[in-house]
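In structure tokens, one chain follows: the form predicted on its own.
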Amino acid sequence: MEKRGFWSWFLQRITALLLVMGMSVHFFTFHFSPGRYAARYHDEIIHRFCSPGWIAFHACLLALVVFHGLNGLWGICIDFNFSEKSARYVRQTLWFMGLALFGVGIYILVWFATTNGGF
């Protein structure tokens, strides 16, 4: 834990807990709602998903997923004892990947909401 740092270790645990709670809310709200086999179910889910509150919720969930996954990958990478230069390159690559993944995810959320009557 000394190499990885306390905050990296601590945030990995916190994001895991938040992910379990957030994914539970998502699944029970969007996949296990009453009347899910009704003909109007699809429209209800689209309307619910496109509301600003749920878009914000999913943006936060996306941030948690990206951080948790790439922070875990960083934890694995530092076990290989890279040189300082290689470790810096890997860290910068992971940051770039994280920003790119988050950006694409936000783009898809906003695109979906605007094409389905949200905002």
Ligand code: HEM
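In case it trips you up, residue 1 is the first one in the sequence shown, and so on. Values in this document were obtained by computation on a predicted structure and should not be read as measured data.
The discussion below concerns the form predicted together with protoporphyrin IX containing FE, not included here.
The three marked residues, A56, A63 and M97, fail to reach protoporphyrin IX containing FE in the predicted bound form, with no heavy atom of any inside 4.5 Å.
At a distance threshold of 4.5 angstroms between non-hydrogen atoms, L73 is in contact with protoporphyrin IX containing FE in the predicted bound form. Among heavy atoms of L109, none comes within 4.5 Å of protoporphyrin IX containing FE in the predicted bound form. Protoporphyrin IX containing FE is not drawn, but in the predicted bound form it has a heavy atom within 4.5 Å of H68. Put simply, A16 is close to protoporphyrin IX containing FE in the predicted bound form: some heavy atom of it is within 4.5 Å.
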